[in-house]
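Two forms of the same protein chain are encoded below as structure tokens; each is given separately, as structure 1 and structure 2.
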Structure 1
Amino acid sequence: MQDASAGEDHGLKARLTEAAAWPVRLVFKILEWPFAAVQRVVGVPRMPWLFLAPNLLFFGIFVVIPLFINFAYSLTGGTQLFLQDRPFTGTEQYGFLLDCERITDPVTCREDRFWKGIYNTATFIFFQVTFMVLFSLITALILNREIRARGFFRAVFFFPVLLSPVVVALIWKWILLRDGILNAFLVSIGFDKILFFVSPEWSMFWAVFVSIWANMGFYTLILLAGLQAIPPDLYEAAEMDGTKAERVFWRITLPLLWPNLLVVVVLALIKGVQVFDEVFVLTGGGPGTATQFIVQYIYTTGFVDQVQNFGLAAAASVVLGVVLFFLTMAQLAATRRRDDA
């Protein structure tokens, strides 16, 4: 009786599976004849290009063409919006951006806001990337150990990555306002309120901190994957030899993790150069220009200033694009080296 009942259940499952698969088969049968006809015309080797064509079309319309238009704008002057109405000025916009008596002092540059944005971005990148990599490495090492609720903590550290940068900035802005949660806590334990967005040092500190908090989970995940790829036999052999934990880290873990670590550094550099939305919502670039970075300079010059200088903003974005190109090439080289290792 049990065998008969099991047979009936199996038959019922088979019929349900067949019924569920029927619409899918119908769709494939309908699509089969036009794709077969196209394949006979273009040939099998060209079929991948047919499937790539929609993506290539959108990429060309929304990425490649705007890049050329932006470069064309960087070679023009005036305040007119349409390209055909703008006079050709050659490399004048680039010369204006790069005209400095002393490159180490933005005040001596004709476009001091551009160089101030560069120095602010460089300062941000130095602290953000350094501490981002350090904290991500420490977190990955801890989460790679056999600890209680390890899966939960991995999810907790990765959760901020899923949030929109604007949402992250708004959350921390509400915390750091004059009457925000953090100042309420400080007052409750006997301290005075701190105006975090009035001091340039505090503003830069919180810009770095919020960026690390929002993005650290992504880089932790990359390093954690690298740690889990290290053969356990190496650690077992080191333990049998009585090797100290510090020596194991420097001699085994770090060398084998180095390709992942290099990728993390390059990706963090690329993202750090492009920082805009989090800091713009958090501090607005202030106080003054203390946290105005290069992307905000481009946005302000092209769209916010009373006299919108599209040519100058386009030239600055081309300079930024060149920097990102070289960083991307470094990331590809690091990835290729990791794959060859």
Structure 2
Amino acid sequence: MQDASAGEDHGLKARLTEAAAWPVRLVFKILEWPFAAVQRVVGVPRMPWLFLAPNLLFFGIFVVIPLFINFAYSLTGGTQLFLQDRPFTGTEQYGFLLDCERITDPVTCREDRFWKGIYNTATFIFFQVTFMVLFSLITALILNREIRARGFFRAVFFFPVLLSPVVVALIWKWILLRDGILNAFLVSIGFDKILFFVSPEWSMFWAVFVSIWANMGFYTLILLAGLQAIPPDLYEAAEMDGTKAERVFWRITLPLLWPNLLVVVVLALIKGVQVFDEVFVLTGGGPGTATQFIVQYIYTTGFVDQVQNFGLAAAASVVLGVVLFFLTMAQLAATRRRDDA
């Protein structure tokens, strides 16, 4: 580790770096001889496998094997945690989940909580993704203009991305409470107080609003990078031709930004399908089940309910996984198209 950093830094910073680096160096030094020993036995060509081994082991134990267990779980019933204790029930869990008289109406389904979760998630995604993309685009366009202190404004829109969902939810909950500052404002301009978390519509509105507030900066950043990658010559040429500004936007900016926009839409969809943290802390899924989403359904079914129904939770996860699979495929395709363009 020494060669790269030596001789450039001075004083305190260098000493601090040095102090932080020595345990790291010690670990690498200790690992040196077992790796050298293995290398002597297996030879250089097989060494990559040794370097890959720890990471693959983790992938295997915590991702690949669970993926299969998940599927196995979804085919079993009972309340036992360990697979060997669970009776095989075939597709019963799926049958239970998908048993609906009318698929458009969650109330007619046997497991109405699941369907309510799906409809809530769909509603959430529809509004969240639409407005997130819209506001990210406007913000990116504005940040891309000739403005002073652009770095500052970019940071302003970006910083909530790094806040934890719990913190974000608590910040907004505090504003939206019955005696919170927003209600104080409403009263001061002559309205009545609104009990936001008692109304299903308002709860959904704030769930969408808060998650846009928290995540918009991320998408803005991607779109901003896309805008800055548009070759300036195009705009110069358009200006020389005296092209109208709106036309420039529709004919140059938007088509060239399109691949990035697509990536943003799909990324937002993937995140949206998995929405849980902010909304769970903000509304707790309520009032009733008005803001209960699919992930919360899985969490509640598997880990909160008195009778922990792991099989049903696993079956719902498989459904979620299938949706995510297609969305991620779309993302990879969109990213490839953007990077090829």
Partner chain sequence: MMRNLKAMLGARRGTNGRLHWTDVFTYFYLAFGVFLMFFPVVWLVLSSFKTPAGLVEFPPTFLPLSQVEVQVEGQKKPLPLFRAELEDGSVKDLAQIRRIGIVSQMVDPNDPDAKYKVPIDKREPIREFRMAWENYFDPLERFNFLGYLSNSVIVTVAATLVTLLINSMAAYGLAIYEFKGRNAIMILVIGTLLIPITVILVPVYLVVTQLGMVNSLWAVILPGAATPTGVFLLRQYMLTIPKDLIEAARMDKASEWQIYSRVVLPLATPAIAVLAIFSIMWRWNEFLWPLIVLNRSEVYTLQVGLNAFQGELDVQWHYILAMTVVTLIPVVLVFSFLQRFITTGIANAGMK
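Only the largest set of C-alpha atoms that superpose within 1.5 Å between the two forms is called the rigid core. The model shown is predicted, which means the values in this text are computed figures rather than measured ones. For numbering, take structure 1's sequence and count from 1.
Return 1 or 2 according to which structure is the form predicted together with its partner chain.
The chain shown as structure 2 is the form predicted together with its partner chain.
Rigid core superposed: residue 22 CA moves 2 Å or more between structures 1 and 2:
Yes, residue 22 moves 2 Å or more.
Can we say the CA of residue 276 moves by at least 2 Å between structures 1 and 2 when the core is superposed?
The answer is no, as the C-alpha of residue 276 shifts between structures 1 and 2 by less than 2 Å after core alignment.
Rigid core fit then residue 48 CA moved by 2 Å or more between structures 1 and 2:
After core superposition, the displacement of the residue 48 C-alpha between structures 1 and 2 reaches the 2 Å mark, so yes.
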